[in-house]
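Before any questions on binding or motion, here is one chain by itself as structure tokens, the form predicted alone.
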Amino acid sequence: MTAPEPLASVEHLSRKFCRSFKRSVLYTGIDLARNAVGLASHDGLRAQEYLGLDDVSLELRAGECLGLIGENGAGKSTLLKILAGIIEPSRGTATVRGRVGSLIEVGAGFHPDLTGRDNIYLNGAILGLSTREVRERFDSIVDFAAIGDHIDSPVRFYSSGMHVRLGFAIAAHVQPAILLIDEVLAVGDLAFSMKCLAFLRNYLRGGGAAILVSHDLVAIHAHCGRVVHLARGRIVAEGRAAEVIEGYRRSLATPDHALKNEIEHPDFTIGELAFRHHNAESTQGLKPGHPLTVTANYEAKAPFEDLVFNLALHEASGNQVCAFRTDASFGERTVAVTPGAGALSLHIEQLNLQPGLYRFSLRVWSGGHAGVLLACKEQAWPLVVEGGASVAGVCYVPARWSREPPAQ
């Protein structure tokens, strides 16, 4: 028995963009003129042009939720816009079988001066519904969006969350074969996000297909069986969610991705952090619950009698998870340093963090913790905690389930 055709098929897809608006207009005119006389558009890259997508091929089948991950500018939104028919590819083909419901940009497709009610009819028509079909689904759309009396207010006065509510409600009730979701759920509140994810699960069980773009890797892992990692317009990895996400985290844990936010002092310089894990000068293979030693190197050109070192750990979003201060470890005492190079080591007995990407910051105060910030490097050192399935939250608590005998 042959497998059913994919709902979406992308073959050797490329899309050029131009950094100069004037050149972009010029190149478009030249290509239109070439097409008018039966010649193909210019195939190579011209001055100021670059490839937002470069030779991308993939398929999407019924019942599948495909995750797209990658840094900003990797080409994720460009791919969705081509599948949604918003822009055309420069090379290759994108074939979609069935109606597409897209949530690519907050408020995209809404007329700001029309009410929410009017925009439901307008968007329904754009997405291929007749006026009768929109009328039949109108009450259900309004109920799903849950924006109350704002349905009769111009959408220019809507918050970003209200835009998302109405946009998702319309896209969901178009009954699309493919649903394209690009990060917009991060704008909505928790209750609405849970409602949307419940809809997504039922939609996939019913044979729909979806492509989910998000920087929330926990959400990608939870809802996507297959994940594609895009970088600079190309597919660098494709496969099972856990494996691709782990590789993506590793790619972020490089000096190139450090945040260059620092304060320097002419007489005191923060050096690099060195990691030691299981007697190895590396954090490769660092698992939840494993020990970790972090050594902070510094160089002083003058003596300091009252320094406090604070090593802070942040999750990928930037939120601080925990911090380790020398005055807490040394019984409220400050650290004295002499001119020259030196180092302090922090010994973490169990790094009880869920798998994910984290970053270390080092801050040094003069005059105690309430004194003057002498030097700091913020989120400059990436750390990857490896493991299988990530779960919500950052805290790793070893535990196990057991089956209890029924109560008598």
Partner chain sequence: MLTDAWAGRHIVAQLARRDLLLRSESSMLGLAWSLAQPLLWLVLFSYLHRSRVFSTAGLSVPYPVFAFVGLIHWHLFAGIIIGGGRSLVAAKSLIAKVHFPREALVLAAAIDAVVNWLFALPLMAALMWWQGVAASPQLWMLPLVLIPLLALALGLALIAAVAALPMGDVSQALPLLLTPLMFISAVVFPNASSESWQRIDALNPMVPWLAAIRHALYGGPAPEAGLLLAHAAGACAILLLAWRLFFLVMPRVAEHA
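So that the term is clear: the rigid core is the largest set of C-alpha atoms that superpose within 1.5 Å between two forms. What you are looking at is a predicted structure, and each value in this text was computed from that prediction instead of being measured. Residue numbers count along the first chain shown, from 1.
Absent from the display: the form predicted together with its partner chain. The rest refers to it.
Proximity to its partner chain in the model of the complex holds for all of Leu32, Ala84 and Ile87, with the criterion being a heavy atom within 4.5 Å. For Ala125, a non-hydrogen atom is located within 4.5 Å of its partner chain in the model of the complex, even though that partner is not displayed. The shortest heavy atom separation between Cys322 and its partner chain in the model of the complex exceeds 4.5 Å. At least one heavy atom of His111 is located within 4.5 Å of its partner chain in the model of the complex.
Its partner chain in the model of the complex comes within 4.5 Å of no heavy atom belonging to Phe304. The stretch that touches its partner chain in the model of the complex, counting heavy atoms within 4.5 Å, is 111 to 119, out of 293 to 301, 217 to 225, 111 to 119, 269 to 277.
Leu129 is the sole member of Val142, Leu200, Ala312, Leu129 with a non-hydrogen atom lying within 4.5 angstroms of its partner chain in the model of the complex. In terms of contact with its partner chain in the model of the complex, the residue from Ser57, Ser41, Ser345, Gln350 that brings a heavy atom within 4.5 Å is Ser41.
Core-superposed comparison between this form and the one not shown: CA of Arg91 displaced by less than 2 Å. Taking 2 Å as the criterion, Phe138 counts as shifted between this form and the one not shown: its C-alpha moves by at least this amount when the rigid core is aligned. With the core superposed, Thr78 shows a C-alpha displacement below 2 Å between this form and the one not shown.
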